[in-house]
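A single chain comes next, written as structure tokens; it is the form predicted alone.
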Amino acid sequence: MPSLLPHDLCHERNASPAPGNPVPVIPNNVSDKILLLPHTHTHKSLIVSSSKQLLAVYPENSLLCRSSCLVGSASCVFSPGPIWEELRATDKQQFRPGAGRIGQREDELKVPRFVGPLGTIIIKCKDFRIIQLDIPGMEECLNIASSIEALSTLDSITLMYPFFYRPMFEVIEDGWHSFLPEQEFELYSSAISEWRLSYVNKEFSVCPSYPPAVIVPKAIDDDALRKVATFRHGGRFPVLSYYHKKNGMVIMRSGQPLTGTNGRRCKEDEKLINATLRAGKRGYIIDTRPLNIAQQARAKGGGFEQEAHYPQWRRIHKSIDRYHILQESLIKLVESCNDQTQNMDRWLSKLEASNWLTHIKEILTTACLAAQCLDREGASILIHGTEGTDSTLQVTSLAQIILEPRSRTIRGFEALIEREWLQAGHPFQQRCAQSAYCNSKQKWESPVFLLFLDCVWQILRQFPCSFEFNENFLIMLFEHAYASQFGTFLGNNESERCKLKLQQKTMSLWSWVNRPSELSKFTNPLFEANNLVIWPSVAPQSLQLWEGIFLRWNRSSKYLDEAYEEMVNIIEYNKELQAKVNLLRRQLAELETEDGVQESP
């Protein structure tokens, strides 16, 4: 799991750390039960202690920093390595005086009555970890609780930790410029004659959730794109998502058409998507909503493509859930995983009731359908749901992982995240505002990105040699999407990120990940480049609970880590033996050549 380097410091706003403030170091054996002792009653500093051992002093105006454990609307982190906590992600806090639990909080703190000398704060984290803080004294406990409360309810994004984080490691690569649309477009060199890079949205005036540059058919000019944008939800007109070099077919994505109850049409929209078809070919429109939901959307001004206006396209409706349904599913799953008292029947029943694996199956099934249309039927496809920012991106991304070997490499997957999630306008700030422990019913919160990562893990588990990255890479992305010292996942779209000036004021996650010392942690030792399409099984027997995410705090990973290290050692030893074999073969060939020369007359 990612942790800060020993020399990574969190600078104060317009200031450097005071010389007298030690960099906190948490020993490797620290547990989730941590004793906090306020240094004074005025919040000037906090002393973190475990087993009566002094660990660190935190000045009042220091931002505490994140490492491996994320808490709700703030982040409270305790893990090996230097820790300046960033309280950005507390899903829930519970306060217990002495032996009794007094209350729990969502939006306000309930003042505990202290029966004994010890107060307890339980912090439930965004990465599903639960931390217990034991604090002597009522006033000290309340002081710490109010500090957590203040830092977990920041009024502005600019007060979040990425704006204060100042890494001391050498920046080898500027991650903000690693995956620009122009660079990605160059990869489609074989398609340049049919497609172009349009800057119609350079001021974000056509579509606020699209990036300034998008790839569109060359036959469609910018004026037509503006008209199409008025016909699509949120201005999200159809743009290129993926070009299949094998046969020239494409995946496009968009928002739903605004047909309404009157059956409104847009000839420019029809011309745009028809421009992707070859002569005599049909295409597929994959709507990620069931037909009844798509029909209901017409009453609100939305709708779907009418066959009469799109005769060359066949529409297919799939059922991928969104919003609160996914959030409730995650809450049920994590609750079940944390219950250590249930028997086998109850565990399996609660796992089924969560419907989490059902969501995984539906998403993977739709992605396989999209990949099949492209690769086996030689047809281009258009994918959309309602907004085109959630289930649409899940399907387009997973289809590319199935079809495109580059997307299964580390840099290729990073480019996929940038192109299909960040630049494509997935609202990370809204979707990842809270996690599984938050009971407040926020309309926009949903584990869409976590479900996508889970789907990738399912494919990785079925094809362990076809991915350059390992499970830790996916876990790292999950953690940073919910709370991070980097600015990559801040904001809901490129327009917001530009207004926040994230490139100038924060560090990109890719600048840290792509350093050789970090890449080694995320590299799959079993990887062998596979240029073939991989077809994952979506049968219920093939899908498993992702223990690395949902059970990692409930069971020891000691033996799994030891087994992994042993596997790596065996692979390295095998490489050494193979190198020796190759050397001996070359030497034998040279000797045979010399003998042949000597024997010739």
Partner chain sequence: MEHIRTTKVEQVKLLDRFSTSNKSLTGTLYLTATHLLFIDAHQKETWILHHHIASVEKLALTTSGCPLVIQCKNFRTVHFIVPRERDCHDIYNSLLQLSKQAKYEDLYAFSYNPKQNDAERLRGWELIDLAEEYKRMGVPNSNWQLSDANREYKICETYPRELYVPRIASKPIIVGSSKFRSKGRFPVLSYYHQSKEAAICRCSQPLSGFSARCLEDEHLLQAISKANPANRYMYVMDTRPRLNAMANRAAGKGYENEDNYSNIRFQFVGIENIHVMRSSLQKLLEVNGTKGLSVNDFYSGLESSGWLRHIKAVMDAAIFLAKAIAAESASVLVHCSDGWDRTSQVCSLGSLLLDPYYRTIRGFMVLIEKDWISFGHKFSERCGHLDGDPKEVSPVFTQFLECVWHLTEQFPQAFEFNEAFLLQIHEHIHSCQFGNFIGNCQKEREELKLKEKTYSLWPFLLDDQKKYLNPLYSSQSQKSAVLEPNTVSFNFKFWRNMYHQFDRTLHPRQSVFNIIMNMNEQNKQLEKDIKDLESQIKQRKTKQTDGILSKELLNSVRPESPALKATLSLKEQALLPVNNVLRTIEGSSPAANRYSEYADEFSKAEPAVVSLEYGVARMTC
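In this text, rigid core is short for the largest set of C-alphas that superpose within 1.5 Å between two forms. Residue numbers count along the first chain shown, from 1. Bear in mind that the values here come from a model prediction, so they are computed numbers and not experimental data.
Just so you know, the form predicted together with its partner chain exists too; it's not on screen, but the next bit is about it.
- Segments offered: 265-273, 235-243, 197-205, 315-323. Contacting its partner chain in the predicted complex at heavy atom distances within 4.5 Å is 315-323.
- Within this chain, Thr120 is remote from the site of its partner chain in the predicted complex, having no heavy atom within 4.5 Å.
- Although the partner is absent here, Ala433 is not a contact residue: none of its heavy atoms lies within 4.5 angstroms of its partner chain in the predicted complex.
- For Gln342, a non-hydrogen atom is located within 4.5 Å of its partner chain in the predicted complex, even though that partner is not displayed.
- For Glu186, no non-hydrogen atom is located within 4.5 Å of its partner chain in the predicted complex, even though that partner is not displayed.
- For the options Thr259, Ser178, Gln132, Thr365, the residue carrying a heavy atom within 4.5 angstroms of its partner chain in the predicted complex is Thr365.
- For the candidate set Ser495, Asn470, Gln429, Ser466, a heavy atom within 4.5 Å of its partner chain in the predicted complex is found for exactly one residue, namely Ser466.
- Taking a 4.5 Å heavy atom cutoff to its partner chain in the predicted complex, none of the residues in 231-267 make contact.
- After superposition on the rigid core, the Cα atom of Glu562 is displaced by less than 2 Å between this form and the one not shown.
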